[in-house]
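The chain below stands alone and is given in structure tokens; this is the form predicted alone.
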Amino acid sequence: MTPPNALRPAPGPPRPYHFPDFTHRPLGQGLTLWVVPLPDRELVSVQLLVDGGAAAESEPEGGIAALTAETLVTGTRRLDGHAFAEATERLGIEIFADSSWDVARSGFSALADRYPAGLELLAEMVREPRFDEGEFDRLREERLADILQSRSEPGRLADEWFLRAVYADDSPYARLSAGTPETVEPLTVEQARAHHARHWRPDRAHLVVAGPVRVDDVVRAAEATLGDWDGTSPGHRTIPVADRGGRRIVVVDRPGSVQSELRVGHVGIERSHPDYFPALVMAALLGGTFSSRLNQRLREELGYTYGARAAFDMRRAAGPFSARAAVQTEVTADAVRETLALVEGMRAAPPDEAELREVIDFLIGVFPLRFETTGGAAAGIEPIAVYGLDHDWWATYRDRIEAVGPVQVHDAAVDLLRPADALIVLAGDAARVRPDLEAADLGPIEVVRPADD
């Protein structure tokens, strides 16, 4: 059999790339302004980041951070939803607002001569939001429908149950950041107003502007719109992270499924972990590229799946690590066994130089793609601002990837992968997969229904 890699052309040397120079300065009341001048671009991207993500919400209000962000873009005190939409259309911009665990953000992209007016509208939206009750109720119902719809999709169902089963019950990470039906349904517009009043404040906020701009012009525009923005926020919670631990299998029963959505993993690491780069390379070698071990074995050699991946989801506190694939029902147990063997194999010995070289070349080669647009450059500032990374983070990124050798990959696998304690979640036909799982003796099996609490 011809090795799959033998027919591929050898990769060329990576293109030279330098993350654009940027500057930052305090703007008042704690707000930090970041400017990334990109004189050869046409669009200006603006992003406002606040410490108002899901980590800042109280647990009974799970989902309020996301709904607060979504409701912001439905108008201001001065402009109702229709007038606000007309204002954005006149400027040729589309203002967005969303949230993740560690940050809430809003922003837009505009032609260079229109970004000052866009920034005025963004500042009005953030400082004087409308929070129309009807719009909030509509968005809440849409969110509920989306959550319930997700439970009919095996991939999203497996994701939700993996979080529920891998984290202890008292950890917010045991749910999706968008909340659950039980927490979202009773939310009110008053709670959104309160979340906004507490967390959309300048003292921990960052304004990022990237594009064909001059720093002094941006400073003047920012001071004119946000310079007197005041107030302080309480900051975010410290997320308790407790891994339930212990090998076990949770089968989310979907009678009649022709595939099983597979998740194998455990609690991973936080964004500030000292082994960030070895972990990144190790995960890519296991399941982050087309030629990764998982994809080669499960897809190319065994034909179990169209694709298999593995990655750490790094957050301010330790997010999950998981390997994932959608596999044919009749090979579910074999796919689990193969996945565990590949994870264990990462711990058994360092990778050879050729395999590691291919992964590093991939990571270095795709690195510039994320920053091709002004929106990408603005997004590149977010982890530096939110996580307090060194300002040369992107300038030294490739060198740090290059510095990861076989020993570091192996050490990271030994330290960070725990196949013996791995949780296995399957969304599939329990009646068809359970006998093979029991015969494989991979761990105690629990069968749950999608609607189980």
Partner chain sequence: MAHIPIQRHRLDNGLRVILSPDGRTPIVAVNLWYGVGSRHEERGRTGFAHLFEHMMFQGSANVAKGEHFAMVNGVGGTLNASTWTDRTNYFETLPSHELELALWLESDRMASLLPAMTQEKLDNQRDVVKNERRSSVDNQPYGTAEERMQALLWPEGHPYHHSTIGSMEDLSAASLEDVSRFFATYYAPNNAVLTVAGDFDPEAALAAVGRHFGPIPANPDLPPSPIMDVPDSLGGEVREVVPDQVELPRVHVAYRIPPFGTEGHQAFDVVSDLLGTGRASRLYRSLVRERQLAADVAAFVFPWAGGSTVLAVWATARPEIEVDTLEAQLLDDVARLATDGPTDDELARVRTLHAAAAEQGLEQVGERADRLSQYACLFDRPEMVNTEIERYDAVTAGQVRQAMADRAGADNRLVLTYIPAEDAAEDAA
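Numbering follows the first chain given and starts at 1. Since we're looking at a predicted model, the values are computed, not measured.
One more form of this protein, predicted in complex with the partner chain, exists but is not displayed; see below.
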**Candidate from A311, A123, V241, A326 lying within 4.5 Å of the partner chain in the predicted complex - any heavy atom** = A326
**Request:** Heavy atom within 4.5 Å of the partner chain in the predicted complex: which of D334, E358, D159, E382 fits that? Just give me the one.
**Result:** E358
**Complete:** Counting only non-hydrogen atoms, the one stretch of 338-346, 183-191, 105-113, 276-284 within 4.5 angstroms of the partner chain in the predicted complex is 105-113
**Prompt:** Does E153 reach the partner chain in the predicted complex if we count a contact as any heavy atom within 4.5 Å?
**Reply:** yes
**Request:** Please run the contact check for H196 against the partner chain in the predicted complex: heavy atoms, 4.5 angstroms, yes or no?
**Result:** no
**Request:** Although the partner chain is absent from this view, report whether R41 comes within 4.5 Å of it in the predicted complex, heavy atoms only.
**Result:** yes
**Message:** Within 4.5 Å, heavy atoms only: does S177 come near the partner chain in the predicted complex?
**Reply:** no
**Asked** in the predicted complex, do S58, R127 and E402 all put a heavy atom within 4.5 Å of the partner chain?
**Response** no
**Prompt:** So which residues in 292-318, when you check the partner chain in the predicted complex, have a heavy atom no farther than 4.5 Å from it?
**Reply:** R299, E300, E301, L302, G303, Y304, T305, Y306
